[in-house]
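There is one chain below, alone, in structure tokens, taken in the form predicted on its own.
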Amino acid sequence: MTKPYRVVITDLIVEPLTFERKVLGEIAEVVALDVLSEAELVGRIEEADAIMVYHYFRFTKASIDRLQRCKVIVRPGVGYDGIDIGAARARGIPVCNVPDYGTEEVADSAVAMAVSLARGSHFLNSRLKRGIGAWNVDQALPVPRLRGRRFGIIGCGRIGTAAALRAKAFGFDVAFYDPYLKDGVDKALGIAREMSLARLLATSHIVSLHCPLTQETRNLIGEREIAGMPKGSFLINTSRGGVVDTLAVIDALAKGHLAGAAIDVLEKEPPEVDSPVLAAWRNPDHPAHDRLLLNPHTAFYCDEGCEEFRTKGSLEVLRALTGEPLRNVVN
């Protein structure tokens, strides 16, 4: 039987489309294209009634203008910087995200990576695998106690709040910078609030980013900002690659200003094969080899969370196709 609607998943998700078809199967044909570039979408999305976009490329005005009957574009995740929401708005197409699925997982990942770096665990593991150093802690020194050290959070929304609560459990003195939060969040969470980014950076042993990528936050942390952090501090980015100048992070590791960094997200994903970040990380003679903890944009993932973002994204599509009110419109 011919189904009235066609839903196209552009990237990342492949067959079997168990969760999507459980929600949409009765009314829509659901197709996964599994592409890595926007150019591969030409001739394959024009007749879609709904589009689900992940994060392997930017979904631009060129693609949006080819959509002939699309009722909604859904980003089954938190960040929607990869979609030209203005172009979609101009065409009358709502763009929706799933803002709550990976809150715990990203917070868990950020704090886990921070603790692994600050306790010297990642550094020592990397060195011992190569047979470098004695079977003791000496080569990782100094390793200060975590309790009482400041854990600075940039962006105290859902994930930033979850990270703050986890960091408190380790005994960190937690502080945050977020100019968009109303007064009182610090009191509700029992953490400190800094009114300037420079002050947060200057006073934090660990800085963890939990803000969206916008025109305001692009390159928020660069060479100057890293220089304003204490020598021997750590930087964690599980937000978006464009928020941090990752080359500046590599340079700070090379100079010994940063003692370590954890990067889950890069400016371009997957990175180019000649990426200087990958080159430094893979080079045993570069300080980043032992002091950079690099993940392939996986902080969001857990098995249960995967089902959650795919199901919630599909439910938003279902609401659009059946004329019900949408829950998370971002444009």
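A quick note: this is a predicted structure, and the numbers were derived from the prediction, not measured. Numbering starts at 1 and runs along the sequence shown.
Only in words, not in the display: the form predicted in complex with nicotinamide-adenine-dinucleotide (NAD), which the text now covers.
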Looking at C211, I191, V249, V95, which has any heavy atom no more than 4.5 Å from nicotinamide-adenine-dinucleotide (NAD) in the predicted complex? C211
Heavy atoms within 4.5 Å of nicotinamide-adenine-dinucleotide (NAD) in the predicted complex: which stretch among 234 to 242, 253 to 261, 142 to 150, 118 to 126? 234 to 242
With the partner left out here, check for me: in the predicted complex, does some heavy atom of Y177 sit within 4.5 Å of nicotinamide-adenine-dinucleotide (NAD)? yes
With a 4.5 Å heavy atom cut-off, would you call F57 a contact of nicotinamide-adenine-dinucleotide (NAD) in the predicted complex? no
I'd like to know whether V106 contacts nicotinamide-adenine-dinucleotide (NAD) in the predicted complex, with contact meaning heavy atoms within 4.5 angstroms. yes
Are any of the heavy atoms in A288 no more than 4.5 Å from a heavy atom of nicotinamide-adenine-dinucleotide (NAD) in the predicted complex? no
At a 4.5 angstroms cut-off on non-hydrogen atoms, which residues of 141 to 160 are near nicotinamide-adenine-dinucleotide (NAD) in the predicted complex? List them in order. I154, G155, C156, G157, R158, I159, G160
